[in-house]
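Here's a solo chain for you in structure tokens, the form predicted on its own.
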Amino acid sequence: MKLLIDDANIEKIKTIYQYYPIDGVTTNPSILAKSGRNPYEVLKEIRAYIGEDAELHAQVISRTAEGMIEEAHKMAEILGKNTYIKVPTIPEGLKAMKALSKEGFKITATAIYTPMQAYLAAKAGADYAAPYVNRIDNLGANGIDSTKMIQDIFDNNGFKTQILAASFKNSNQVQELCAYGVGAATVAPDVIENLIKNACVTSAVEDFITDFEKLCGEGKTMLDCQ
């Protein structure tokens, strides 16, 4: 499963990239709005840091398919060919996906709340379908089960489309979908950190260091024992 950062704060992105094996960054209009800066300024800064080979996902805003297609052309021109154009999975969005897919654009179908939205997006040529796990839960359904159903639909129908699961509230949700074999997950920095944060692990490491220092001396490491 690919792991992407769901954030546009460059300092948070740099911190996560420093420690964790990350495959790219996703953004949406709400995330970009938090920066208070020009969207292209933020996106170009992210692209410059993560490099041309990493995935960068950015969303169109237009309400019509024609407008979405025009936006996609400008976004790819400015942000590079490895930019995934996020298109909302609504009728106009499906129309845009079909056209952009024929032109060879990389497409992420977003705002997915139901398995049939994902099915239609896959039929329209999307590379990724992004179900909102926690938002589905908030509607009274089960986000994890819905995402697993989408994976089954893709597998059983031979679609090339992968899941890019989004909207997580905790690390256990990420773990469940990782175990199920979904293609990718985009996760907020704090949830990524919680994938490994564990007081028992920290305690075990400290015990190892303490025992070693009893043997070789305080502050000593394997560099100092020969």
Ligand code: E4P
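Start at 1 and count along the sequence shown; that's the residue number. Quick caveat, the model's predicted, so the values are computed rather than measured.
Not on display, but discussed next: the form predicted together with the named molecule.
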Worksheet, complete the sentence: Here the chain appears without its partner; judged in the model of the complex, the stretch of 130-138, 116-124, 77-85, 152-160 with heavy atoms within 4.5 Å of the named molecule is 130-138
Worksheet item: Hey, in the model of the complex, is residue 147 touching the named molecule, heavy atoms inside 4.5 Å?
Response: no
Fill in: the named molecule contact at residue 28 in the model of the complex, heavy atom, 4.5 Å
yes
Discussion item. Although the partner isn't part of this model, could you tell me whether residue 171 comes within 4.5 Å of the named molecule in the model of the complex, counting any heavy atom of the residue?
Written reply: no
Worksheet item: So, in the model of the complex, is residue 58 in contact with the named molecule at a 4.5 angstroms heavy atom limit?
Response: no
Worksheet item: Though the named molecule is not shown, can you say which of 194, 167, 35, 62 has a heavy atom within 4.5 Å of it in the model of the complex?
Response: 167
Practice prompt. Quick one: name the residues from 3-26 with any non-hydrogen atom within 4.5 angstroms of the named molecule in the model of the complex.
Written response: 6
